[in-house]
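Starting off, we have a lone chain in the form predicted on its own, written out as structure tokens.
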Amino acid sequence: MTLAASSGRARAAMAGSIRIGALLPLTGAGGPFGPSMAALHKQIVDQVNAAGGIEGQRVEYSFEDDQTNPDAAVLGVRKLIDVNKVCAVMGLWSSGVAAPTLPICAENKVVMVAIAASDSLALQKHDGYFFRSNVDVGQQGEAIGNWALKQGGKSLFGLLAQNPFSEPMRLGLVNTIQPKGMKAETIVYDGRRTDFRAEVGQALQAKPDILFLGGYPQDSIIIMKEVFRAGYGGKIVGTGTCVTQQFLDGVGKQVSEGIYTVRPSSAVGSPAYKNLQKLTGKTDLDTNVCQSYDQINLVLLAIAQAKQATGTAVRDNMRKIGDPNGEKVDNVLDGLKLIAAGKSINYEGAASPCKFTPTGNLVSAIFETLRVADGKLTPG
């Protein structure tokens, strides 16, 4: 599927079209998110091409449905690279999709800009062709650990579902609180089961001040009901993937009252967030849309900065468009004008400040703390 809009009168510049692509979950587990991500990408491309393209060249945008499935993702990324000849692939919502496609991108010198949160992605050999617009799992563990320290408790017990995220989450949490004198114990369970009485019993026997839920809604509902029946009186905190509306509906108001969640937040109130609100006509923006906005802006601005539409050029210029001494920019059109005028820019996004470590992770991220009151999440 390809979008190719005509640019205005050609100016001097790049050879050939600028080709970028996305691997998106239009179906499968991520199906609720992919279509809006694709629509936003196309909207931004339309804006750029209507304004004359980049250095006089049009932008061609292609996307494939990864079906939230590794096998489909490999076929999709091969088509984007071999047929559509893209220099960057955006989207990559699932870590299971990003893991097998990152080596293909790196081998072909194509930049990957992913939402997928697994820490192991940044640790792969990718020669700098990997960037993540999302908060990695270790940072989420650190944020929950810092929240726990502020509560003034002496001990925490974590119940984590068995998945690729559990160990980096555990390490981020434990390495944050233990050096400050707070005791940390954790167990990892098989989330496919339907009885967690043994795990809950082990957790409560430790008499922790704080109980940490690190699973998914389905298993956490069962665990939380067991915790409530046991009469636990300490504080409870869960990840954003645990304390969802599905979880709140499943446990009911009485059981969920007072539970906390510490989760990644978009840059609500930032100029980029406000601009995205106008573009979408929505007040409350999903983080996937915010990250999609940042991803395509970053890629297009890096191409403009490099004056080359290659993966290596994108890789080498991605950090340059976040120059702290440059003029602050929250949208691609303003950024393109400043770059054309020879000025440095500092892109700050709708999801995060968009500054990256050498391995492609975000340098810093934004978190929010919410507390359940009367069955709803409220600022905590």
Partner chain sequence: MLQVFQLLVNGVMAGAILAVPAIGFNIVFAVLQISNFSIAALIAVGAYAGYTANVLLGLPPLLAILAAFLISGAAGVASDRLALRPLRGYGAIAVAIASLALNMVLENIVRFIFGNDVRSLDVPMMRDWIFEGIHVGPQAVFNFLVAIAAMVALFSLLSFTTVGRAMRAVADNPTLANIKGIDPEKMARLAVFLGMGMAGIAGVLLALDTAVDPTIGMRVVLSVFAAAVLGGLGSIPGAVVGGLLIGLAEQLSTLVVPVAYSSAIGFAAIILALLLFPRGILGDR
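Quantities reported herein were computed from a predicted structural model and do not represent experimental measurements. Residue numbers count along the first chain shown, from 1.
Not pictured, yet referred to below: the form predicted together with its partner chain.
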Report summary line: The stretch from 146-154, 201-209, 291-299, 257-265 that lies within 4.5 Å of its partner chain in the predicted complex, judged by heavy atoms, is 201-209
Query raised in the report: Wondering, does Gly250 line up within 4.5 Å of its partner chain in the predicted complex on heavy atoms?
Result: yes
Query raised in the report: Does the 4.5 Å heavy atom contact test between Ile187 and its partner chain in the predicted complex come out positive?
Result: yes
**Report entry** Contact of Asp195 with its partner chain in the predicted complex (heavy atom, 4.5 Å)
**Finding:** yes
Query raised in the report: Gln246 near its partner chain in the predicted complex, any heavy atom under 4.5 Å?
Result: yes
Query raised in the report: With the partner absent here, would Gly191, Ile222 and Lys225 each sit within 4.5 Å of its partner chain in the predicted complex, counting heavy atoms only?
Result: yes
Requested in this report: Scan Thr310, Gln162, Asn175, Gln277 and let me know which has any heavy atom within 4.5 Å of its partner chain in the predicted complex.
Outcome: Gln162
Report summary line: Note: exactly one of Gly281, Gly231, Gly269, Pro179 sits with a heavy atom within 4.5 Å of its partner chain in the predicted complex, namely Gly231
